[in-house]
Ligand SMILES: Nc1ncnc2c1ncn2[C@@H]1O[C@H](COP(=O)(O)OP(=O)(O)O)[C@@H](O)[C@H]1O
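The chain that follows stands alone, in the form predicted on its own, written as structure tokens.
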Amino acid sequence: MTASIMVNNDMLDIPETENHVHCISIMGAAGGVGATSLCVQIAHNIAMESQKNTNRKERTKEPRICLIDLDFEGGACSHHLDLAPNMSVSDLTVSTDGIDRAFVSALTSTHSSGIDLIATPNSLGGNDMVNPSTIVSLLDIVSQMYDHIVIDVPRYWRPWNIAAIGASDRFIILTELTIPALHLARMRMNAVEEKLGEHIRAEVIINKFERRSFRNALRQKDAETALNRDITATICIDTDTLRDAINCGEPAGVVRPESRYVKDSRKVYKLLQPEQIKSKRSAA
């Protein structure tokens, strides 16, 4: 079951599934705002939560969490997890007829935490080589295989990015509390919502946020005024934790599980959970 959108004069399908997959897409408003780090940590939070709520016998069944890096030229998810990608750019040029579960399974790399990664090695011009329809078909099959999907959506305006965002349950624009980053966040937010209409509503998270600042700095209310939208969440500045995590090739939750950054990312993860999971936990 799919819905269609027009992108660059091409009609692309947005995958829609009837299973219980929950998909979160995250896009950085500007370079260096920390979108990839947040994608990796959200995926890690989901993996850890799944292990807590799943007995050992069920853990051997079909995988639960998939992290997808849609930047085939400069993506960094594989570096953040110290994994060698099993997928190449040439795999994304094939006919859509060859995209099935076996194809997807062969292209995933698995982290020790249980995160399955779909990514390619960095390749100059990679984003111009792939077949958009092949990527959309890949996303469709992935949505049938996993309970949770986290997508690192690059800022480049590509047809498959729009299709991925349109198929997501939650779409996050990550930004910083600076005037240039807020301008870019609003531009991207408006462009995506204009393209997708009722399919999606962007949510904004501020990263590298200083809760207590006596300097002449922008505040959260300033961001909400500039964006004409409430801020969904904020994540603190924690440069040491993120630097150590990236250099170790591990999620921040592995390197410093009680750091401020990890605690804030857990709050974000809880905010982004499906409503049915939230209601069950409240009842319990």
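The model shown is predicted, which means the values in this text are computed figures rather than measured ones. From 1 onward, residues are counted along the sequence shown.
Beyond the structure shown, there is the form predicted together with the ligand, which is absent from this document and is the topic of what follows.
J.: Please identify, from 236-244, 41-49, 249-257, 217-225, the stretch that has a heavy atom within 4.5 Å of the ligand in the predicted complex.
T.: It is 236-244 that comes within 4.5 Å of the partner.
J.: Three residues, Ser25, Ser168 and Ile173; all within 4.5 Å of the ligand in the predicted complex via heavy atoms?
T.: Heavy-atom distance to the ligand in the predicted complex: none of the three under 4.5 Å.
J.: Looking at Arg186, His199, Arg158, Lys208, which has any heavy atom no more than 4.5 Å from the ligand in the predicted complex?
T.: The option sitting close enough to the partner is Lys208.
J.: Considering only heavy atoms, tell me if Val33 and the ligand come within 4.5 Å of each other in the predicted complex.
T.: Yes - in the predicted complex, heavy atoms of Val33 and the ligand come within 4.5 Å of each other.
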